[in-house]
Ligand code: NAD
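Only one chain is shown below, in structure tokens, and it's the form predicted alone.
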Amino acid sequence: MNVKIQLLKEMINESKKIVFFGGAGVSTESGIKDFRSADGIYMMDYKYPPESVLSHSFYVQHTAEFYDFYREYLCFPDAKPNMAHFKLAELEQSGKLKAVITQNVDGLHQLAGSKTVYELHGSALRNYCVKCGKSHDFDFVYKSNGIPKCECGGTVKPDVVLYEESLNDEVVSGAIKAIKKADMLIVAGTSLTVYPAAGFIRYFKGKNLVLINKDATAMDENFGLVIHGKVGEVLREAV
């Protein structure tokens, strides 16, 4: 591991345009469950298959049940950034890191100080009325009972991308543009099984392609450097 950490340090030092692409494993050290690990959200014994609950069709057909699940498992009012978030913000401030691309909806990168963040799956911190478009904050949805309703009577929906919904075109194009320009891409905390997000790495044409993940993935062999470990612990040593 020490040899790999040293190699990661050297890659970071020689790179001038680093992009970080992160998944749920980036936030587990903040106490937020991931989805696909042994104790992840999708492994829970819930009255509906958790993966189905997070679909657009379930949201439409079982709206009240969707919000019950959403508040309990996707809202983390007390979560704080961990070392991964802080080290990435530090890298950005130094001028080396050009963008963070995240599949998470917790807003912890911004809370840690990162400025250029592409949120592929939206943010639980933003909510909007599907009828009048009015914005509502996190607490409005989190602290409401049942289906959160705007003063106009419309349902207030979290600005998160559910299964069967499209990613935001502007966010996608910004993320792809950043990856294309990068000379180093650090992919971390993701099983690389969620598409289209996982397919973004194919746009990378730079020199240093790194994967940091707790468990092995089917994509490990595609990376120049693979480190199996906690993202925050690795970045604490490497940055």
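The structure displayed is predicted, hence computed values, not measured ones. The first residue of the sequence shown is number 1, and the count goes up from there.
Although it is not shown, the form predicted in complex with this ligand is what the next lines describe.
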Heavy atom within 4.5 Å of this ligand in the predicted complex, from candidates K180, K33, H56, H62, belongs to K33
Among 101 to 109, 141 to 149, 86 to 94, 125 to 133, the stretch whose residues bring a heavy atom within 4.5 Å of this ligand in the predicted complex is 101 to 109
For this session: Considering only heavy atoms, tell me if D215 and this ligand come within 4.5 Å of each other in the predicted complex.
Result: yes
Taking any heavy atom pair closer than or equal to 4.5 Å as contact, tell me whether R71 reaches this ligand in the predicted complex.
no
- Contact test in the predicted complex: S37 vs this ligand, heavy atoms, 4.5 Å: yes
Open item on the list: Is G229 near this ligand? Define near as a heavy atom within 4.5 Å, in the predicted complex.
Closed with: yes
Contact check, 187 to 206 vs this ligand in the predicted complex, heavy atom within 4.5 Å, ordered by sequence, gives G189, T190, S191, L192, T193, V194
